[in-house]
Structure formats: structure tokens, C-alpha cells
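First, one chain by itself: the form predicted alone, in C-alpha cells.
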């Protein structure tokens, strides 16, 4: 089946905050309107909607997809909800791409939202039942607990230290200070990260992205429509996704093979043979500092075991050879789960159009990759965009 070219023609974002006063519908509406206004379209110009939120429990509303339909502009339109945990924000764009690339629709609005502050007493509590009831749940694991195992395995495999991991947190948090949607305004040092509260060794509080509320949206259009809307379309050059086994204890956690597969799928579609040389900007999914580095390796943007060395040399700085998370990422902007991945694609849209203001990377970037990750350390979605 021959697929049509699809472009991102508009993007919008709410501010990411700890406790939003807006309802989930209102957050979605704000991101939707901002994205439509950015490209001069109205809701009647949109053929279909792809909508993403993570577990219903986060927003505190059962059947959240149905509840959100008018807030995300999906009322009386072909609308589908996408949910693959933390990977939702990029996966929803992959979903929207299929709608347009297939020829079924000319335009698609992708809206992702999360209001984690509605989850009481804490969002982590809703993950206690995602583990296998026979083989795992009796051990009382939680997500933070298994991420600590993964971080420990990654560090031990290559001889990395907690200080090495903290460098990634500082890189992203400092980038985030320039993002208008960021919920942070204070500088953070390596010492701050190392001295923050231990949550599950080796994970400390500042190794982790915060609980956040927010929404993000992009407008997709088929090539002829995109060229009528804007003279600066950002093309979706490749998409990839994969799900590994939910039995995380049977995998060697030092390498994200789920991402390896998804990235190679996206690069093949985009005709990219040497991603570390051809990609100009990377937005790896970074809910933890070690995951930014872990995912740079899975994205084939850094040799395994050499990522900290490149980070220390400034290779991944905003003015480095391959800027990593110039947005600030989840660590520096915030982590409203489903919206976080879409925020990364919004960042690439603005960067490639030269519209990222203080965050703009130098030079003339032409290709970027964004990625998200979720569920039981098993799902990854990748989008490659270019001009």
C-alpha cells in the first residue's frame, strides 16, 4: 500500500504545572485551540481526531476517552483514543499519521492530555495492579522499584556512577529553564541531584521527572493540504513502534531492545542509514535521567557504554554536535504522562522551523527524532521528522 506524505502544520501546548486549576477537558481545549490557531485552521477543517491519555485513574474519570471527546475537538468526528502508557504521546501521532498517510483523511488533530494531580494519594498507587498476579504481585513491586533495578543494571554494565546519571538531569533541567511551558524556574547542580532524597536506591528524587498536569496537540495534513496551509511544513519521515514482553524480569535491562526495534523501523522508513550522523536533534524520553542516556543508545545515537563520555564532552549540549532534549524534556519541562511525548514532537516542529526562541539550537537542523516509552518498560514509539 502506497502511503501519502504527511506533515505537521501546527502545534500547541499548555503550561505544565504541578496542580492545574483547569479540568482535563479545559487543558485539552487550550492545547487544541493553540495548535489550530498556529496554522490558521478551525475545527471544521479537521477530518478526524486521535486522542491520548494514560490510565483513566490519572484524570479520575472512568472511560476518559468518551469524556474528553468535546475538549479535544472530537465531538461528531471520527475519533479514537490511544493508550500505551508513557508511550502514548508519540504513539498517538503515529496513529494520526496512519489516518492521513493511508488516504482515509486529509487532516488529523492529535491531542494528548494528562492531569496527574487528580490521582490521589499518588499516581504510583494505580500501578500496583499492573504486575502478573501469580509471579510478581506477591513481591509488592511498584514502578519506581523496578526502574531502580533497571538503573542499577545500566550503571553496573558500564561502570557508570550516580554522578554520571546526574549529569543528564542537569543537562535537561538547565535546558528546560528556557521553555515557557516548564514548571521549573530554579537551576539544579549535580550536587543537588546527588543530595536529594533517596526514593529507591539508586534513584533519588531529582533523578526523576515530576508529577505534572498539561496537554499538547499537533495538526497533521496530507501533502497537498499541508502546502496550502503553510510554507514551512515539517514532514513525518518515519514512524516505528514495538512492544516487548511484560515479563520485565526475563530481560537484561541494560539495553532497551524495544526501542532498538522501533527506531530501526522508523529509520528504515526515513531512509536513514547512519542515525548518529544524520539526525540533528534528539528528544529521547527521559522520565529518569538514566533513561535519557539509555534511550540515546537504543535510538542508535550513541555507542553503547560511551554515552556518558559524550555527555561530558558536550556532544549532547544544546550547542553540541547532537543536542539532546533541547526542550528540557520531562526532567526539565514536566511529565504529564500522555502529553509529554507530544510535547517532544512539538519541540522538534518549532526547532526545525527555527521558531524555538531562546531554546533554538544553532546551525540549520533538518532532521529530528522524538521517542516515548511506557508500560512495564516494554513499549516504545518513535517519530522522525524533517524539512
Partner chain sequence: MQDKVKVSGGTGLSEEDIRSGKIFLTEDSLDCAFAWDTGVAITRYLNELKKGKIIASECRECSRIMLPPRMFCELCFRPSGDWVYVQDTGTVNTFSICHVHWDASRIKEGEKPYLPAVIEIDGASSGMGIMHLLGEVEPDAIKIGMKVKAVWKPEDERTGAITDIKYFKPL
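Quantities reported herein were computed from a predicted structural model and do not represent experimental measurements. Residue numbers count along the first chain shown, from 1.
Here the subject shifts to the form predicted in complex with the partner chain, a form of this protein not shown in this document.
- Partner contact region in the predicted bound form: 146 to 154, out of 84 to 92, 280 to 288, 146 to 154, 293 to 301, criterion any non-hydrogen atom within 4.5 Å of the partner chain.
- Of the heavy atoms in residue 25, none are within 4.5 Å of the partner chain in the predicted bound form.
- Although the partner is absent from this view, residue 193 stays clear of the partner chain in the predicted bound form, with no non-hydrogen atom inside 4.5 angstroms.
- Taking the partner from elsewhere, residue 247 is found to have a heavy atom lying within 4.5 Å of the partner chain in the predicted bound form.
- The closest heavy atom approach of residue 187 to the partner chain in the predicted bound form falls outside 4.5 Å.
- In sequence order, 34, 37, 38, 39, 40, 60 are the residues of 31 to 62 having a heavy atom within 4.5 Å of the partner chain in the predicted bound form; the partner itself is omitted from this view.
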